[in-house]
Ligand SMILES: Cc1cc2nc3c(=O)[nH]c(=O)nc-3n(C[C@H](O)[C@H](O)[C@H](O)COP(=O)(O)OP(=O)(O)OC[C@H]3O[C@@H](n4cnc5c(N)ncnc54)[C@H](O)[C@@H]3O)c2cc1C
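Take a look at this single chain in structure tokens; it is the form predicted alone.
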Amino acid sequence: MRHYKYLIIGNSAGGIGAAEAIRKTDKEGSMAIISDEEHHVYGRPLISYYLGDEIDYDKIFYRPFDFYDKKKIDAILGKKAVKVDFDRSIVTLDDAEEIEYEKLLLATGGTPFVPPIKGLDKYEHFSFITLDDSLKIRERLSRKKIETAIVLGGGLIGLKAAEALTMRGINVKVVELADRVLSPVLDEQASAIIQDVVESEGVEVITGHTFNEVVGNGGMANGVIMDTGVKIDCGLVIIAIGVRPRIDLVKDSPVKLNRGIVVNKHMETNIPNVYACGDCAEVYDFLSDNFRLTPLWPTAYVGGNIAGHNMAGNAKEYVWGTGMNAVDFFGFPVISAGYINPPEGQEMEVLTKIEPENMTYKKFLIQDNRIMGMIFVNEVDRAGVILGLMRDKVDVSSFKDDLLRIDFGAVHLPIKLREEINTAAV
């Protein structure tokens, strides 16, 4: 039986963040990474650019190909962990091999949510969260010319899939049940701007509706039946509603679960020597002062990094995270962080600035003189400064009127605050 001091289940952002943190403290401790994907370390946010032929295949990998060797990591790729015996500290793989560990990290990520739509069990359809998904769609496109594609979901994943297909010359229709796109991460004004952007590139956006059935012939989809009864012809169907925590591995185990795996600020579960991070875990949010699912790439990496430090005996806490999204659509950037609207029952001051001629929009939500949320559309250069103020819980009352300035930066901060920031940086 193979034995490792550190065993990581998951080869994406969280797992890699942990491995790199471990090696900063422990250069020699035996380590392995298990993943049911066969690929080298790649950037999930890049799969849309690869699908859209905007980057080459080799550009999707964000660590050198000798990464595992240099970090002294056994990469167990293309094999799935199917069981964990926490009493014996043993992980069983899908080929029945058992692997013993001293410290275990669960970085299993998320799994696509696929609703129970009639016909999905009969006709080909695709998800869009992994490199394998992108490869499968590319292979499908190589077999037969596709004129029209239907994407179910007008969130981040769905719109990036729509962008990639549009770049390949395919007519795309996005179907979104909500009354606007990107409703979980943007307010109505920002959503409207982004919808204008994607529609100007030829994407048709259908909001307030879904489809009830996928139809086809010979296993291939050739259309969907909308909830209105209207049939839309297509040659490709992508389900991109979102992801759920991938927790099947520990669902019937002693690991404490809520919506995801419950951890503390050290990324520890309730089981000794077992940690969790990324999309499968509920992590600390400094704005709400609570733990919640935050399925974001940077959050996964930093959470894994904190877990890795603690696994190696270097105590650190995960204290900076909150919901933040930074993305662009057809080269049009948008960033949101924290609250996008005041929560029900809470009073917040709202500052906004919109310039329709430039399609720029800024919004700040302020409570007790702290920034609790922000949205930047098409003018994102200073977003990092604002996020730092949010994380540090800075009192912004003395420079609140400057926040909406296009050139807002450190020069607008009080001298004492600038000195504190500079001292912390050193």
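Remember, it's a predicted structure, so these values are computed and weren't measured experimentally. Start at 1 and count along the sequence shown; that's the residue number.
Below, we turn to the form predicted in complex with the named molecule, even though it does not appear here.
Proximity to the named molecule in the predicted bound form, taken as heavy atoms within 4.5 Å, picks out 105 to 113 from the listed stretches 351 to 359, 211 to 219, 195 to 203, 105 to 113. Among residues of the shown chain, residue 291 is not one whose heavy atoms approach the named molecule to within 4.5 Å in the predicted bound form. When the named molecule is considered in the predicted bound form, residue 19 lies well away from it, no heavy atom lying within 4.5 Å. In the predicted bound form, the named molecule lies farther than 4.5 Å from every heavy atom of residue 255.
Interface residue remark: residue 75 is not counted as part of the site for the named molecule in the predicted bound form, having no heavy atom within 4.5 Å. Only one of 388, 29, 52, 45 lies close to the named molecule in the predicted bound form, with a heavy atom inside 4.5 Å, and it is 45. By the 4.5 Å heavy atom rule, the three marked residues 152, 155 and 260 all fail to count as contacting the named molecule in the predicted bound form. If you take 342 to 364 and check each residue for a heavy atom within 4.5 Å of the named molecule in the predicted bound form, you get nothing at all.
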